[in-house]
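So this first bit is one chain, no partners, the form predicted alone, shown in structure tokens.
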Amino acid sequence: MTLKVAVIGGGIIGLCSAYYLRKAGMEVDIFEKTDGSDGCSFGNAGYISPSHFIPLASPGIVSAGFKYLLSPVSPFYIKPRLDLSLVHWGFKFWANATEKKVEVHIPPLNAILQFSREKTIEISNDLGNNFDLQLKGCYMMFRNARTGDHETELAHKAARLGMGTIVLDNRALNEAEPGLGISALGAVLYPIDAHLHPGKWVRAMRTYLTAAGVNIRYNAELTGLEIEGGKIQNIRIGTSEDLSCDHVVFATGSWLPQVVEKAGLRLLLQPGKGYSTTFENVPVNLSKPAILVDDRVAMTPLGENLRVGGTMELSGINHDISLPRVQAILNAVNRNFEALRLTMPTREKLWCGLRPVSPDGLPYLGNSAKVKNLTVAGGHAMLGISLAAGTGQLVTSLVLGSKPDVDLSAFRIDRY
């Protein structure tokens, strides 16, 4: 009997889940509540980053949040508001932002990052690399000595995890990236990192899946579930369409808490807004991505274009764009690169997306103990692209009830 699986959510996590589910011979339908023209899978930096083995909930992040609380241009911002879910999430986030917790979380996060990098290359080979995957590495650039010491310490931790790094001073950095006039003190290069064009990846996956027989439906919002005997019997789409299925996968990004409520579950998660804009035909470009660590700004070369982005803004579900925060991103680039005089683009060229952030910075990935035929895949924070392919393969193992390639105990969906 062929399993019929409904994937709720048409972002890159849902698409990669559908990819591996279909490869395993299942009948797959994707239901996406929007028209599919945007979403967090489109305008992000496109990083495949094993280097990001430190979870977002880490020492210093909470104190930084208080420091930036009233700043209109801060890279990390929590909007004060009366929201019990935010208070509960914030308490758990604070409890996880310790050295002891981070040391516990590093091994499972590193394992899934490494696994997902392999699976991203696997998908690229299958699709013909029509989304510009490049295995060139990524710079962690720093402007002050204290940040440099911290990045060097992280490089030592990376070495213990089997990752090679290259430490570059300002002269070596300018020799590696000539013509940019880099003023940063130096950088740590992670050769294992990669990048791709996220919008092209989404479109390539849609094209492939449609040809493979996966039905992708847009403007199709999940509005209800019929659950009997601890199993989902039917899903309701819109106001009146009831559809049967054997298994359901929730991959709805920042909307995951509202969706899991329909199954009687609760997840702690907050949407973290990020901004980006893409400059076309820049006269001089980076050869590989760079993160400006002091300013928490990401830069990605996309052919002759340059995408810059940043901020983690916890202000609820909204797509309001703060121009001062965008300007702060551009200012950070201009401070570090003499040859890049970036100016504020028109509003229609500005993008923002909501990244789903769990209290410990680790994804939620597992089967529900309460609803037998439900798998949840979400909470990937800033690692959605990095973890998408691996998550898709692991979702397939969870649906089939087979042993996953990665230990998923740290990502249990009922850990809070």
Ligand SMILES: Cc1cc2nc3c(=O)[nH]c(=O)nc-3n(C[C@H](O)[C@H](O)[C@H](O)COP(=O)(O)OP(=O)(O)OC[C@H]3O[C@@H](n4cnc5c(N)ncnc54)[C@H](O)[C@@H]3O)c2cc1C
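Here the structure is a predicted model, which means the values were calculated and not measured. In this text, residue numbers run from 1 along the sequence as written.
The form predicted in complex with this ligand is left out here; the points below concern that form.
task: Consider I12 of the chain shown here, and say whether it contacts this ligand in the model of the complex, taking contact as heavy atoms within 4.5 Å.
output: Contact check for I12: yes, within 4.5 Å of this ligand in the model of the complex.
- prompt: So in the model of the complex, does G46 come within 4.5 Å of this ligand, heavy atom to heavy atom?
  reply: Although this ligand is absent here, G46 would touch it in the model of the complex, with heavy atoms inside 4.5 Å.
message: I'd like to check something about L189: if you look in the model of the complex, is any of its heavy atoms closer than or equal to 4.5 Å to a heavy atom of this ligand?
response: Contact check for L189: no, nothing within 4.5 Å of this ligand in the model of the complex.
- prompt: Would F279 count as a contact of this ligand in the model of the complex, using a 4.5 angstroms cut-off between non-hydrogen atoms?
  reply: Because no heavy atom of F279 falls inside 4.5 Å of this ligand in the model of the complex, the answer is no.
message: Please tell me which of L374, C40, L365, V28 lies within 4.5 Å of this ligand in the model of the complex, judged by heavy atoms.
response: So the residue touching this ligand in the model of the complex, by this definition, is C40.
message: Please tell me which of I61, M382, I54, L350 lies within 4.5 Å of this ligand in the model of the complex, judged by heavy atoms.
response: For this set of options, the contacting one is M382.
- prompt: Just one of 141 to 149, 207 to 215, 169 to 177, 250 to 258 has heavy atoms within 4.5 Å of this ligand in the model of the complex; which?
  reply: Stretch with heavy atoms near the partner: 250 to 258.
query: Heavy atom within 4.5 Å of this ligand in the model of the complex: which residues of 209 to 246 qualify?
result: Going through 209 to 246 in order - heavy atoms within 4.5 Å of this ligand in the model of the complex - the hits are A220, E221, L222.
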